[in-house]
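Shown next as structure tokens: one chain only, the form predicted alone.
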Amino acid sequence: MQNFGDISNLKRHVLVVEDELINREILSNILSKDYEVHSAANGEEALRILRSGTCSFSLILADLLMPVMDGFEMIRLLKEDESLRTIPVIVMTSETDAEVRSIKMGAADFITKPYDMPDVILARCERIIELQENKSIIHGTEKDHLTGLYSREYFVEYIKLTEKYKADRKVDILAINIEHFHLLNELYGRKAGDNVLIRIGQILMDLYDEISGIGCRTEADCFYIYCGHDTDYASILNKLNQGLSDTFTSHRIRLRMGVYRDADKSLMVENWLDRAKTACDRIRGDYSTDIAIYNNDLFDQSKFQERLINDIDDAIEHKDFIVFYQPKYDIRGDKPTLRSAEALIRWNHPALGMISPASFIPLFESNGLIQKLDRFVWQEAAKQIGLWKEKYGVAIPVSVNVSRMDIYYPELKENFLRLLRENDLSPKDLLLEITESAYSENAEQLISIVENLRESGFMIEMDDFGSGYSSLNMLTSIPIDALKLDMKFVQNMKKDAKSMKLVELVLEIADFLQVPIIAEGVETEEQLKLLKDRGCDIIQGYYFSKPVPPEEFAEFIEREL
């Protein structure tokens, strides 16, 4: 493989430090074909040239015995200078004792006087320069430039090297993440986020001796630690939290840790990191604990999730995903009437059987695959509305979910309009549900997108209202056509007076906004009566029906007709 100099035709700068003029001339003649040669008569003159900054030197060839400042003193001063210490030095001498002493001081190689072997001199110069440049490249990629910790690649290699010599030592891997790091960047700016990462790196490096380990940073806000078995994990996390709270007093930062204990030496190091990260990810959003220990259940769960991720494309192609429909009933009259339906996905896996949406929807939301699933649901729902319309002569509106990732898709509106054209539908036949949490992430942009959809005739329902993200001020600015009351409100209505008052408050908000409210999760006649008496408009839940496949839902349409 060619080195950088061969490819770019660079002539590197070399400094010859030699007090005898004839020797300087000899060396200059040997080197000048391949290098830009500079010369100095002693160490003091050499340092002056080096510190002038007129060019970047790749190599110094220095005599040891010189007046004013000899080679030994020059090498000592070079190694003390941060800006010059990395320039390799080849000493020129015929004394064996001097060779040993100079190499111990940091010289890279030596050339024996007299200079009667030009090819050997050139070969040694080339080798030393190439070694130093390769070392510089390695050093430049070895560390994370922001925190000073190892990069993931070098972290793994150092662990592998250590394990060669300490294979019998029990070790643990810790993975540390910052909860909602992206929000920290958005709220306080990227500089503030960088400062948090830098501080974590500083604290971890201070702990190296205590934990007999090393660390790295990867994936923006993910840190790993390789340490001895049974390290006090809680103490490490406490010291990190304390150091962050002492440094950043204006905002609270939450860290979570995953631990892979007594790493299985038959596995690859990369698998160790994955297992620690799996444990760490398991408690994302769980504020009841900060530390999770990897176990076989997590391993089985990880394998299961990996299979679901690998199988999603086949499941869409072979229609193993099935869209079920749950009816929504208008309860404002004397008799409940069928108003619309919600499309809900189910997965009939050919090998695993029916898989709960709770097993795959959060997984696909976390890795972006939810967009594929949503588009499948939209297409199937639009097609089904068209079939019912053709068969019964009426259109039953169906609500479909628009995830946080979907909402910023540039072709979102065009995609929906195409589905309407293909199935002879109107915009009011396909209702768009947007979760309340989506409004909190980028309200201004989302308002613009929602207004654009509504201008084309689409109706927007805010899903899971009351789950904890909204503010009254936000509701006055966001255009919606219906509020969906989170099912937890319905389930807690009879719990105490406070829970009932919250339901009444949400109903009053909907009345103030002059939009209908849809209550989810209604299971009993008592719940229905309580909601009806307080002015609820539409009911959805097991009281009327569980989600059912399209052929069963057709019975509700026929009964209504």
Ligand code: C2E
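When you see a residue number, it is the position in the sequence shown, counting from 1. Fair warning: this is a prediction, and the values are worked out from it, not measured in the lab.
One more form of this protein, predicted in complex with this ligand, exists but is not displayed; see below.
Counting atoms of this ligand, placed from its pose in the predicted bound form by superposing the C-alphas round the site, that lie within 2.4 Å of this form's backbone or C-beta atoms gives zero, so the site is open. Note on the partner interface in the predicted bound form: the residue among Q326, N241, T162, T147 having a heavy atom within 4.5 angstroms of this ligand is Q326.
Out of the listed residues S366, T247, S426, Q491, Q491 is the one that sits within 4.5 Å of this ligand in the predicted bound form by at least one heavy atom.
Although the partner is absent here, I345 lies within 4.5 Å of this ligand in the predicted bound form, judged by heavy atoms.
Within 4.5 Å of some heavy atom of this ligand in the predicted bound form lies at least one heavy atom of D463.
Proximity of E520 to this ligand in the predicted bound form falls within the 4.5 Å heavy atom cutoff. Contact annotation for D374: at least one heavy atom lies within 4.5 Å of this ligand in the predicted bound form. Heavy atoms within 4.5 Å of this ligand in the predicted bound form map, among the stretches 113-121, 68-76, 400-408, 86-94, onto 400-408 alone. Of the residues in 297-320, none comes within 4.5 Å of this ligand in the predicted bound form through any heavy atom.
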